[in-house]
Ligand SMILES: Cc1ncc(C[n+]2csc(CCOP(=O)(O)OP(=O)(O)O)c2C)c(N)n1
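One chain is shown next in structure tokens, namely the form predicted alone.
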């Protein structure tokens, strides 16, 4: 039996020297890399439909924020290829650990959009049932969900399930200690987890060059024994291909995988941010030309997989979806202040009972 040398072991972990790409920015064929299989045509058409819907959802959520219906909304416009491919690479029994910027991915997974927006609306909980949806609460603290994802992956394996966990994280999250602890933990356990880094070039206002000197974020996995890859994050075909391979690698017992997608956040960090303070219009315009939705549409049209009627149908469905969301979000939610005291402890403590009684005396005179 041949034994791999340390050099061969390292080579097996290294990402490609340049990001994997199937489709050029103008929608033409960039040449499929030999080590990755192209997704099925039907999967690409379905991805296009979900990208159209996802972008319209994103625009509607941004508008709802301006109307005061959401407390905050972190747009993912420009990152739709990552959002949709991440979901399509998973099975129903797999888990997703998202960040606060991944609402489009949750919608693409078939979740109720109002439930998805509950947290951003100011609700006290995430809005949906994580156990039923196999989607963890959207995580605002940077990278804390990555350790939780590794723990879930190990739990699935110990239970004998063949599920895989995918943890979304931004480039800013890779600067956090939790991210590195998660990689180390995953590497040692050989946990069935995929770390999907959406490198959108800014951690709020901090550019990537001020976050790391690494040639690519994908190289961060190598030091922890984690197989790594980098991909053109605005090429849906490439992202779906690479993530599908990463998920199957983890599912088959190959251990954890880190995928870095090079993409761009087209809008400000949130509605409370002014991106013009730290980046130039020319930079944004360059990335507009690499728009992932336009690229996929051009590519599918060129291959005869998408007709004018198909495009119109996808856009019409997205408009109807946004209209229903707008109508539902226009209704004021019914808030019960006493829910503050629910789900804090299995059995309410004396202090909790006292606090509840105090609120009751202030809101409902004569009751305790």
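Positions refer to the first chain, counted from 1. The structure presented is a predicted model; accordingly, all values stated were derived computationally and were not measured.
Below, we refer to the form predicted together with this ligand, which is not included among the displayed structures.
Enquirer: Could you spot which one of 228, 234, 103, 200 gets a heavy atom to within 4.5 Å of this ligand in the model of the complex?
Expert: The residue in contact is 200.
Enquirer: Just one of 110, 160, 122, 141 has a heavy atom within 4.5 angstroms of this ligand in the model of the complex, so which one?
Expert: Spelling it out, the residue with a heavy atom inside the cut-off is 141.
Enquirer: Where does this ligand sit in the model of the complex: which of 110-118, 164-172, 185-193, 128-136, heavy atoms within 4.5 Å?
Expert: Selected range: 164-172.
Enquirer: Is residue 176 near this ligand? Define near as a heavy atom within 4.5 Å, in the model of the complex.
Expert: Yes.
Enquirer: My question is simply whether residue 295 lines the interface with this ligand in the model of the complex - judged by any non-hydrogen atom within 4.5 Å.
Expert: Judged by the heavy-atom cut-off of 4.5 Å, residue 295 is well away from this ligand in the model of the complex.
Enquirer: Given that this ligand is not shown alongside this chain, does residue 269 nevertheless sit within 4.5 Å of it in the model of the complex, heavy atom to heavy atom?
Expert: It does: once this ligand is placed as it appears in the model of the complex, residue 269 has a heavy atom within 4.5 Å of it.
Enquirer: Just to confirm, residue 72 within 4.5 Å of this ligand in the model of the complex by heavy atoms?
Expert: It does not: once this ligand is placed as it appears in the model of the complex, residue 72 has no heavy atom within 4.5 Å of it.
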